[in-house]
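Taking the form predicted on its own, here's one chain by itself in structure tokens.
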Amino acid sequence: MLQNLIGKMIIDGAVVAARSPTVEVANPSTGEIIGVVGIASADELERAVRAARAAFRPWADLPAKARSLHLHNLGDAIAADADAMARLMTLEQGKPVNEARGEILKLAETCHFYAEEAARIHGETIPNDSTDFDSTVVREPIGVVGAITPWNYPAELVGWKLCGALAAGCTIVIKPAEITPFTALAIGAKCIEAGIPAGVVNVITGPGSVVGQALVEHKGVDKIAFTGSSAVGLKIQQSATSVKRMALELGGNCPMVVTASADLDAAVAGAARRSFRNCGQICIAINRIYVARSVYDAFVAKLAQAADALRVADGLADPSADLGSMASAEPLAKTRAHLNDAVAKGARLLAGGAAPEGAAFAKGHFFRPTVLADCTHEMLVMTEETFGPIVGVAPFDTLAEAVQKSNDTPYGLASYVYGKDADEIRYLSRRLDYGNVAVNTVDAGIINAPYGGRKQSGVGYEHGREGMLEYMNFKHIRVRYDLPEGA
């Protein structure tokens, strides 16, 4: 699969050779170069946008059932090749193969979900103040979408945009992260295999600062759908050269609150999963944990033990490892910086704190899952998104204090609560200022419910019916009628 994608782009229904295949892509577990991709030139980007524009009206005019069938076919094609696509993802991103396979299957599920939603694009009738008027509200696709996607979930975060846009009747130009481009190219190739018409899905490659920015500024792009950092999201908002619809899924700094009534073993298991899965490289990772003082010592001891029990390995060599390598040197450096800052300011290091030992880890971006106790908001680990396998823990005395500390952030993507007392759960879930609140679970998102953040965590929604409506305009049609002759 990889060999067919090296130095390629997907433009107008074909796998084409990039004009300038100079961007090297490395395996983050070994440092080996696995292939190269191109930096899309102005001409290549123009061809992709022009293809999407030409394909837009025929795709939008297809019956919803026809678009639905195309998305079902795409989901089937992806699921049938999940093993190969998972290994490709691990090669460029580092997560263990079994975890990558789960992500590919979730992508297939997303295709099927939006295939069904495509047939449920409903309008409504609005009453007027006179009976000789009818008002109808219909929903129409926006047009050409520019999707700029990150490296941490290189299949799912393409899929949320791709499937919602196609279900709505839009066409799309995808610009994946430069360190994980091959997964997106493989998805584009699957679109061709599934029979999606030429031009509907295009995938171009290159650095975000160059190619992504060119998409943002292109007047032929009607909407930008972006997942990434809040800083880049703000730049996108400020740098568009024409009015565009935007959906920006940005950073998080997600808290977890553990009350005195919580099942501690369940809370520890949840914390270990959501703090360290994908090496913490997820917008809804648990960054900081606030624990009721009466159970604090027991919780931190159990969490340290759980972290030490997680197995770190090359995700290709050990497909069932708990953690693979981090995706690049940049998040690894930030993890180390946050660790050093916290320890210097008085945090206790209870687990991890270094790379695993041994020759197998020497050339990769590996780091052991790390637990810091007795943290304060003077520490970066509690106030910034680390995007690495590290979590800070602090005690609290009242629920009001836990809420205040949890909300003490410019971000508002996801939060977590563990507790068995219904009054505690209601108090916390109503006051946590986050777009997603998960109680006694760390799976904050499901495909059929809206997913989005507040404050600096972004604008717009993915998942659910709302994730499709983000790609639609509303049109009000108001008609005045006269009585027919002889009535």
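Quick note: we count residues from 1 along the sequence shown, nothing fancier. Small disclaimer: the values here were computed from a predicted structure and weren't measured.
Heads up, the form predicted together with a small molecule isn't pictured, but that's what we're talking about next.
Colleague: Evaluate Glu178 for contact with the small molecule in the predicted bound form, applying a 4.5 angstroms cut-off between non-hydrogen atoms, and reply yes or no.
Modeller: So Glu178 counts as contacting the small molecule.
Colleague: I'd like to know whether Gln213 contacts the small molecule in the predicted bound form, with contact meaning heavy atoms within 4.5 angstroms.
Modeller: Although the small molecule is absent here, Gln213 would touch it in the predicted bound form, with heavy atoms inside 4.5 Å.
Colleague: Quick one: does Phe226 come within 4.5 Å of the small molecule in the predicted bound form, counting heavy atoms only?
Modeller: Contact with the small molecule, yes.
Colleague: Decide whether Ser209 counts as a contact residue for the small molecule in the predicted bound form under a heavy atom distance cut-off of 4.5 Å.
Modeller: So Ser209 counts as contacting the small molecule.
Colleague: Tell me, which of Leu339, Leu250, Leu88, Met256 has a heavy atom within 4.5 angstroms of the small molecule in the predicted bound form?
Modeller: That would be Leu250.
Colleague: Which residue, Gly143, Pro395, Pro150, Pro319, has a heavy atom that falls within 4.5 Å of the small molecule in the predicted bound form?
Modeller: Checking each option against the small molecule in the predicted bound form, the one that comes within 4.5 Å is Pro150.
Colleague: Thinking of the small molecule in the predicted bound form, which stretch from 234 to 242, 309 to 317, 129 to 137, 291 to 299 has heavy atoms inside 4.5 Å of it?
Modeller: Answer to the contact question: 234 to 242.
Colleague: Is every one of Leu157, Glu385 and Leu413 in contact with the small molecule in the predicted bound form, taking contact as a heavy atom within 4.5 Å?
Modeller: Yes, because Leu157, Glu385 and Leu413 each have a heavy atom that approaches the small molecule to within 4.5 Å in the predicted bound form.
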